[in-house]
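Below you will find one chain, with nothing else, as structure tokens; this is the form predicted on its own, and questions on how it binds or moves follow later.
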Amino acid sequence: MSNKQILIAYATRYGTTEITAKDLAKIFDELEINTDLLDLKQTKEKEWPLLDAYDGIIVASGIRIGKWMKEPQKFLKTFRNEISSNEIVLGLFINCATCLIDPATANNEYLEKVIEKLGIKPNIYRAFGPILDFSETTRIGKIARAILKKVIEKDFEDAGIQIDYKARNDLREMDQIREFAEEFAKLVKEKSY
């Protein structure tokens, strides 16, 4: 293992962002970079780690009602000065259905606007597809599933995206997630202090 250390701080609503964070941690392990995961919804602010122990930080959010979740935004606001010091490599990612149909809108609405709003300068950012789980074991409630189905059905059909409304549909592109991890790892390894 290298002596490089990464923190992935995330908030997830139905689990996709957490799964993606864990997939990234596995890839970083393969790349010999130590990784800590921080679930921002489950960890109180006073328990957040100090960032000076990290060479790179990835902050991730699920998209909720067309917006970032509040916890990742608060994390970025809280540590804006440390993150902006240019000593920490910063990466951002989201998981959302919009990026499958209109990647430019997903980047603009859910990444670039947040970057501008928070006054941060990430080294790398990406929008990944979602996991749409309509199975019996889903975390999504019955009413939310019905609403989600209604919202995506026509757009996905028009885009030629097949969804099984009785199963778990992993619509993330793992090669894109791996590419993001490799680019981020390269930035972290090249960073000299």
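We number the residues from 1 along the sequence you see. Computed from a predicted structure; not experimentally measured.
Below, we refer to the form predicted in complex with a small molecule, which is not included among the displayed structures.
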query	finding
Contacting member of C96, L92, L76, V89, with respect to the small molecule in the predicted bound form [4.5 Å, heavy atom]	C96
Single option in A144, I124, A167, A159 placed near the small molecule in the predicted bound form, where near means a heavy atom within 4.5 Å	A144
Stretch in contact in the predicted bound form with the small molecule, which is absent here, among 47 to 55, 159 to 167, 27 to 35, 64 to 72 (heavy atoms within 4.5 Å)	64 to 72
4.5 Å heavy atom contact, Y14 to the small molecule in the predicted bound form	yes
Touches the small molecule in the predicted bound form: L148 (any heavy atom, 4.5 Å)	yes
Distance check, L40 to the small molecule in the predicted bound form, heavy atom within 4.5 Å	no
